[in-house]
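Only one chain is included here, represented as structure tokens and corresponding to the form predicted alone.
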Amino acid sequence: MKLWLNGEIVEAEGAHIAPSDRGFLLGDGLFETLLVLDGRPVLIDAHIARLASAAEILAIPLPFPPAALKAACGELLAANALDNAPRASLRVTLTRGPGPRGIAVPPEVSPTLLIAAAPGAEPPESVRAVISTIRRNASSPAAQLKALPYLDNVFAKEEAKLAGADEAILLDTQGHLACASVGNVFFWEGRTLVTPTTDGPILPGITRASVLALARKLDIETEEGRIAPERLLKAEGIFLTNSLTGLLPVEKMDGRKLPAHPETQRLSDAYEAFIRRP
């Protein structure tokens, strides 16, 4: 397996990241995960823009311009013989780089930028979900960033697994519906599509934004807001979104079996056509 590390393609076994890298020691960094279809990274411009925006918030200089990052993704896919694969994935990881001991941000930084590629599998047809006891921090600026510290998500996912489910749904610390451990949450009330607002502690998902735009084109009424979890538990249909799985229906929510909502499939078909367009 080959990696793209700080401007060079290297064998994974020979890749070197400094032991003092703040991403490794402190989780001081960001990442993006991209779906690749037939060698083409899906919505790559949106992913790079989100990475650049978050890097600016964290005051981490993006060491390569967007055009160079796009080229690097293509080079890496080719180097791993994934440039013609039906389905693959890319992960772009940016850290503040090595630094002295302590948590204070050093006055000068040398960021680390790593891109990894992997073959992809078809997502499952549906998942079972439970409400997690883990809460999304409504007061943390990091809650709206795709930041490296993911322990709350790890805890929530493991809690779901122990409960016999596949996915965890997190509330925020104020008791509102937030997100899944690896994506955004949507549910149906009749023909209205409801999802938590990005004014709260959720990641502004790229798939989420695409789904909302497509829903409006299909004349589906949408609602974004601060949502009580009771509404989710009474929903007529639920699905989760992220870049690798697209729209992923929830077949059971806290043990309650959910029927397949007809609008989910229509929206999923529209999204699939959207991401496969030339």
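Heads up: residue numbers just count along the shown sequence, starting at 1. Just so it is clear, the structure is predicted and the values come from calculations on it, not from any experiment.
Although not depicted, the form predicted together with a further copy of the same chain is the subject of the following passage.
A.B. asks: Please determine whether residue 191 contacts a further copy of the same chain in the model of the complex, using a 4.5 Å cut-off between heavy atoms.
C.D. replies: Residue 191 lies outside the contact set for a further copy of the same chain.
A.B. asks: Would residue 110 count as a contact of a further copy of the same chain in the model of the complex, using a 4.5 angstroms cut-off between non-hydrogen atoms?
C.D. replies: Heavy-atom contact with a further copy of the same chain at 4.5 Å: absent for residue 110.
A.B. asks: Is there a heavy atom of residue 66 no more than 4.5 Å from a heavy atom of a further copy of the same chain in the model of the complex?
C.D. replies: No, no contact at 4.5 Å.
A.B. asks: Residue 229: heavy atom within 4.5 Å of a further copy of the same chain in the model of the complex?
C.D. replies: Residue 229: no, not in contact with a further copy of the same chain in the model of the complex.
A.B. asks: Hey, of 197 to 205, 70 to 78, 123 to 131, 101 to 109, which bit sits against a further copy of the same chain in the model of the complex at 4.5 Å between non-hydrogen atoms?
C.D. replies: It is 101 to 109 that comes within 4.5 Å of the partner.
A.B. asks: Considering a further copy of the same chain in the model of the complex, which of 26, 220, 209, 52 comes within 4.5 Å of it through any heavy atom?
C.D. replies: Exactly one listed residue reaches within 4.5 Å, namely 26.
A.B. asks: Check 142, 153 and 181: does every one of them have a heavy atom within 4.5 Å of a further copy of the same chain in the model of the complex?
C.D. replies: The answer is yes: all three residues contact the partner (heavy atom, 4.5 Å cut-off).
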